[in-house]
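Only one chain comes next, encoded as structure tokens, the form predicted alone.
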């Protein structure tokens, strides 16, 4: 059956994207506003996250309790989150409830109450989350890697910094929401059993007269050192590496993601086989792909003992350096099969599709059909991946360790 993909642009700049999935009984809708953490002022890291939490503490004529009760009375599985670029408010529900739910989300976006007496509780929720993840050494290692490898403010933690979050005032929240939670650059995605024309009319009625305001461009600062150690008194050492690769919108991104999957994408990967299984150096090892719109990174991680940390790093670097010229058709075939299976099964979830088409539009400015996505994987071959590896060696490698002793980057990768 042919895919039913749609897009429209309202007069104030809001982009609507949708996919009709008539075999599903559900629908998922998500509102992505350009109010992400890259807009956090210096000294207020975490403001976007606190503001996102505050937007659900009452909106329109509903107080915090009534807002949640109305969503749950409609059977909405709702969520809210903040990324580097966007604040997102989403919900999945039985399709017939969508017309009743859209006005609630319009209130959240346009008329959040932001009550001062709710700020301590919202701030405490963010601080409790921070307390949990700041105790996680894996998270601390990856966060340190992002902070020094990515240019500021892209490497700052979206969840915030505890000392900064504690200083956030209600004026900070209201100012942030007023400047950044706005229609310019907003993407609204919907997927499931939908009537597209009816959906566009309803969203236009609710949000179409919302005036857009201009926002200042995000300044980009320098990146950090290429090798960094975080002292941590432990019998374990955590290692993270990163280097730049093509972003998703680049045609070469499929070669990059395939190479990284072969390197560390699962139990059949080079890292897992050589570092974990054959040598027994670590209990966890992986490699993956992380993309923003304008840049992307290869990110590798390993958790090991302090005594075997240097050898673990050396072998990881050796495996990265050994990858060009050694990829087999069987390895690439497994990667392609997993990727194509994931894309196909995504069609069975309205929430997954709503998220996917929003990401596509943000990165590409258009939508790709499933057939086009699968065809891109069909075109992947060993020669293409090998050619990309030969042309794009890791030239800006960043290495971060967290543990008792610093490590040496003594196994060079050809540049």
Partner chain sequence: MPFLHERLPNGLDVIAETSESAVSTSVGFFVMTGSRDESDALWGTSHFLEHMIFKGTPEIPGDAINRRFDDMGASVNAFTSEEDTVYYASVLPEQQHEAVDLVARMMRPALRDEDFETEKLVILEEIRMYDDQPPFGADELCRAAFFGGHPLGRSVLGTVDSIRGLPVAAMRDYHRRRYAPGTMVLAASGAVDFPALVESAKRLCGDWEPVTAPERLVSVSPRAAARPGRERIVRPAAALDYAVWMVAGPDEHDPDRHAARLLSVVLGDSSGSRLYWGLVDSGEAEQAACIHQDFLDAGLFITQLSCDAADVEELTERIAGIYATAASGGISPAEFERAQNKLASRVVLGGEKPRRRLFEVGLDWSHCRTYRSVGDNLRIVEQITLDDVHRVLETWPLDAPAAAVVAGPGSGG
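Residue numbers count along the first chain shown, from 1. We call the rigid core the largest set of C-alpha positions that still match within 1.5 Å between the two forms. Since we're looking at a predicted model, the values are computed, not measured.
Same protein, other form: the form predicted together with the partner chain, not shown, and the subject of what follows.
Taken together, 64, 75 and 277 are fully in contact with the partner chain in the model of the complex: each brings a heavy atom within 4.5 Å.
In the model of the complex, the partner chain stays beyond 4.5 Å of every heavy atom belonging to residue 214. Contact check for residue 26: a non-hydrogen atom falls within 4.5 Å of the partner chain in the model of the complex. Although the partner is absent from this view, residue 68 contacts the partner chain in the model of the complex, with a non-hydrogen atom inside 4.5 angstroms. Residue contact check for residue 178: none of its heavy atoms lie within 4.5 Å of the partner chain in the model of the complex.
Checking 121, 206, 227, 218 for any heavy atom within 4.5 Å of the partner chain in the model of the complex turns up a single hit: 121.
For the options 318, 252, 94, 152, the one in contact with the partner chain in the model of the complex, meaning a heavy atom within 4.5 Å, is 94. Partner contacts here mean any heavy atom within 4.5 Å of the partner chain in the model of the complex, and among 319 to 327, 243 to 251, 341 to 349, 105 to 113 they occur only in 341 to 349.
Scanning 296 to 328 for heavy atoms within 4.5 Å of the partner chain in the model of the complex gives 304, 305, 308 in sequence order. Superposed on the core, the two forms barely differ at residue 292: its CA moves less than 2 Å between the shown form and the other one. Core-aligned CA deviation for residue 235 between the shown form and the other one: 2 Å or greater.
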